[in-house]
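One chain is shown next in structure tokens, namely the form predicted alone.
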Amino acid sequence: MIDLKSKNIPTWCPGCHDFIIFACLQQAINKKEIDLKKLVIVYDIGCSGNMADFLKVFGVHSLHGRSIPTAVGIKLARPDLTVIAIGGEGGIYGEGMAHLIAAARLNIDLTVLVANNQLYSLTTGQTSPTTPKGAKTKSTPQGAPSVPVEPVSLVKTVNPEASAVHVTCLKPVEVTEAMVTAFGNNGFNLVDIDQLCVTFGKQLNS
């Protein structure tokens, strides 16, 4: 098994589920025996985007909500590369929603991994696109008024041929398996990964 960790120590909160996604991603890359010389990971902004410092692979740290179009551009320029985009639900389903839909409709051979903790946690816990309706957060003390985005059904609606699955960090083996499957699929792949924000997630129980 190739060690993909850089010399930088992860800075996530103790117990953060990003550690699980980080480990699962390394396992999936090794299980698929992806050629590291032909692998590019595009990172969004946010807690999960900090993974850019912790993985020893070719990568681009993009702007918030712009990881998918950056990844699409790389794939169009170099179809021979394995391209992965990683971001939180704020960047992918919020600022980057139009890019998600466009890439899914294009059915480009790309895997998008979303760390979905239902909050903008890097900015201390504001409502995100997947926050449950009625949840009281820092930005919605009276309760979130919006219906949450359901990403799997959304992607399948705009392109029934695309692959879209939901897994949870509570079952790491399934997270790894979902990534392995996505890396082996042709076309667009979304892996929506449910995770807990150990620092601000308690708001969601309000």
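It should be emphasised that the depicted structure is a prediction, and the values quoted were computed from it without experimental measurement. In this text, residue numbers run from 1 along the sequence as written.
The next section is about a form of this same protein that is not shown, the form predicted together with a small molecule.
Q: Report the stretch among 24 to 32, 44 to 52, 168 to 176, 141 to 149 that approaches the small molecule in the predicted complex to within 4.5 Å, counting heavy atoms only.
A: Heavy-atom contact with the partner occurs in 44 to 52.
Q: Which residue among Ala103, Val112, Ala71, Leu119 has a heavy atom within 4.5 angstroms of the small molecule in the predicted complex?
A: Contact residue from the list: Leu119.
Q: Can you work out whether His64 and the small molecule are in contact in the predicted complex, taking contact to mean some heavy atom pair no more than 4.5 Å apart?
A: Although the small molecule is absent here, His64 would touch it in the predicted complex, with heavy atoms inside 4.5 Å.
Q: Does the small molecule come within 4.5 Å of any heavy atom of Thr123 in the predicted complex?
A: Contact with the small molecule, yes.
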